[in-house]
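Have a look below at one chain only, the form predicted alone, in structure tokens format.
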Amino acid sequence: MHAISLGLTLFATWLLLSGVYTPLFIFLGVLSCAIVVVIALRMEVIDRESHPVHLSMSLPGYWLWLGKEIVLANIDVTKRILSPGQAINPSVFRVKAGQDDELGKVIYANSITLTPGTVTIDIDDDDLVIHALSETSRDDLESGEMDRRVTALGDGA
């Protein structure tokens, strides 16, 4: 399943980026993608984490929610920088990751880092060490909303 999905993803990407739709080029694209998949299979690098097919259906909804959160965090950080009255209280703290697998923890940590005003410093078993620019950012993470959404993303498998 993962090999077929990888092959289709590679071919779709190749087709979109090449812009050439003649039979010869399409054949060469299929051939090159098949060779890459065979090499990846021989290297044993195609698995649940390297090509997470199980996330395909729920990932777009998560990306939309994360995009909204990134925009809101950008606005908050911009206000704090441009308005002298806004408090900047940096802090380092730990949050518990509710995900069972490493992929879920990595998605959670990267989502935190993508959100302006927060950076994941370290992952220690089920704890993430976070640096936040303000108490608002810290409170948002400690509310657990992002953790619940990432956990739900993995549970949709």
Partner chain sequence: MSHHLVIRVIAKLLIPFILLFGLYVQFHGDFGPGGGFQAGVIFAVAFVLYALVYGLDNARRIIPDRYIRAGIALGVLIFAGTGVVAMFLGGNYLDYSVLAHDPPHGQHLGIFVVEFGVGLTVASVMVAIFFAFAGRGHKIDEKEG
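Given the structure is predicted, the values throughout are model-derived calculations rather than measurements. Positions refer to the first chain, counted from 1. Only the largest set of C-alpha atoms that superpose within 1.5 Å between the two forms is called the rigid core.
Beyond what is shown, the protein has a form predicted in complex with the partner chain; the following relates to that form.
Under a 4.5 angstroms non-hydrogen atom cutoff, the partner chain in the predicted bound form has residue 13 among its neighbouring residues. The shortest heavy atom separation between residue 150 and the partner chain in the predicted bound form exceeds 4.5 Å.
The partner chain is not drawn, but in the predicted bound form it has a heavy atom within 4.5 Å of residue 9. Although the partner is absent here, residue 97 sits far enough away that none of its heavy atoms falls within 4.5 Å of the partner chain in the predicted bound form.
Residues from 1-34 that approach the partner chain in the predicted bound form with a non-hydrogen atom closer than or equal to 4.5 Å are 6, 9, 10, 13, 14, 17, 18, 20, 25, 28, 32, 33, in the order they occur in the chain. When the rigid core is held fixed, the Cα atom of residue 42 travels 2 angstroms or more between this form and the one not shown.
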